[in-house]
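Just the one chain here, laid out as C-alpha cells, in the form predicted on its own.
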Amino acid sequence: MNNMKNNKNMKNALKWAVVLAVVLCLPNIIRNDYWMVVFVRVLINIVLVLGLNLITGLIGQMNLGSAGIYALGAYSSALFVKNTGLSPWLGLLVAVVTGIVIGLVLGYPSLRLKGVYFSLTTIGFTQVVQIFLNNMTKVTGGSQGLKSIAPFSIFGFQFDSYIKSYYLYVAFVLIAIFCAVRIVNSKWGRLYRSLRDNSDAVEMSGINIADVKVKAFIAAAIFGTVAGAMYAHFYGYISPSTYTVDISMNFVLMLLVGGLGSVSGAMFGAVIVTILPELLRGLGNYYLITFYIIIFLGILFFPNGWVEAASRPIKKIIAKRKKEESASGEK
C-alpha cells in the first residue's frame, strides 16, 4: 500500500516538474513580446482564481465581486507607492491588508445571504467600487486612471521587462499554489466542502460557521488583492474601466472550465480562458462568439470541468489494472 502511495506521489511530482520546466522555458521557446504579456496575464489570473476557488469552488457561493477585489488590490498598492515613493513590495503588503478588510466586509453578509441574493450583493460591491474609483478623481485619477506605476525591484534590480516580470510572477504563482494546496488539503478545506454539501450538519457538529466563512473570504480576498497589485505593477497603468462585472464572470468561467474545488482545475481554467480568445483572434469579428460557444459546449458536456473529463479515461485504465493485479494475486 505504501509503495503504491509512494509511486503515486512520485508520478505527481514528476508531472509537476515537467509542467514547471515547460513554464520556465517558455520565454526561450516563444520570443514574442505580445505572447509574453499574455502569459504574464495568465499568471496573474491564476493567483486570483486560486482564491476565488475557495469561495465558489469549495464553499459553493457564487462570488461575482472578484473585479472589485481585483481593483482595490491594484489601486491600494499603486496609490501607496505613488504617494509615498516607497517600494512596490510595501505596496503589495498594503494590498494584503486591503484584502483582509475586504474579506471582513464581504464575509459577514455571506452569513445571512445565499444563492442569487449573495451573487447580487457581490455584483453590487463591484459596481460600487467602480463608481467610487470613477468619481474620486483627486485620489484615483477618475476615468483617466493612474499612470507611471513603478514595477517591482529587488536591491536595485528592476523587473521592468516582460521576461523579468514573467519569471518574478512565476515565483508569485508557485507561492500561491503552495498556499492554495495547503488550504484545500487541510481541515479548513474539508470544512469548506462540508459547508457546501450540508451546512446544517456542520453547524450541528458545534463548528462556528461564521468564523469559518469569514476566514475563507479573507483568504480569497488576499489572493485577489495580490493579483490586483501584480497587475498594477506589471502594466504600470490602471483605470476603472478594466474592473467590470464582465471580468468577474470571466474568472468564474475559469473555475467552471477547470473544475470547481480543484487547484489544478483553477490553474487549467485560467490558462484556457485567457489564452483561447487570443488563439481565435484570426477569426476576426467571430472570435468571441466562437470562444463562448466552445466554453458553453465544454461546460455542457463536461460539467465537472475539463481536467476531470480528461483524467477520467486514465483513471479507468488505472482502476482496470489494479483489478487485474488483485485478481492475479488471488490466483
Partner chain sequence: MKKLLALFLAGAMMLSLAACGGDDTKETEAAKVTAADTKAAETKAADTKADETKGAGEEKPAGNGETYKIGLAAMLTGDNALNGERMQKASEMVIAQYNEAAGYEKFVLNTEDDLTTNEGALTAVQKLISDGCLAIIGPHRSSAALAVSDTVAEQQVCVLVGGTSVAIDGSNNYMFRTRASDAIMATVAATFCKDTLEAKKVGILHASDEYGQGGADAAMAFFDAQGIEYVDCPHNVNDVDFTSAILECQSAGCDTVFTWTHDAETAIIYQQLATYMPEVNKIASPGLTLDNVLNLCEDNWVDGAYSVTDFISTSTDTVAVDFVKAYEGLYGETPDLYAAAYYGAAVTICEAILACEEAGEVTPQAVRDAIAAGETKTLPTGDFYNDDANNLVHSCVIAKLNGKAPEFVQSVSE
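Keep in mind it's a predicted model, so treat the numbers as computed, not measured. Residue numbers count along the first chain shown, from 1.
Separately, the form predicted together with its partner chain exists; it is not shown, and the next lines address it.
**Q** Let me test this: is every residue among Y70, I131 and Y231 within 4.5 Å of its partner chain in the model of the complex, going by heavy atom positions?
**A** Yes: each residue has a heavy atom within 4.5 Å of the partner.
**Q** Could you tell me which stretch in 282 to 290, 22 to 30, 263 to 271, 54 to 62 has residues with non-hydrogen atoms within 4.5 Å of its partner chain in the model of the complex?
**A** In the other structure, the partner sits against 282 to 290.
**Q** Report whether the minimum heavy atom distance between N198 and its partner chain in the model of the complex is within 4.5 Å.
**A** No - in the model of the complex, heavy atoms of N198 and its partner chain never come within 4.5 Å of each other.
**Q** Please determine whether Y237 contacts its partner chain in the model of the complex, using a 4.5 Å cut-off between heavy atoms.
**A** Yes, Y237 lies within 4.5 Å of its partner chain in the model of the complex.
**Q** Please run the contact check for K114 against its partner chain in the model of the complex: heavy atoms, 4.5 angstroms, yes or no?
**A** K114: no contact with its partner chain in the model of the complex.
**Q** S143 versus its partner chain, in the model of the complex: is there a non-hydrogen atom within 4.5 Å?
**A** S143 belongs to the contact set for its partner chain.
**Q** Select from 29 to 54 the residues with a non-hydrogen atom within 4.5 Å of its partner chain in the model of the complex and write them out in sequence order.
**A** Going through 29 to 54 in order - heavy atoms within 4.5 Å of its partner chain in the model of the complex - the hits are N32, D33, Y34, V37, V38, R41.
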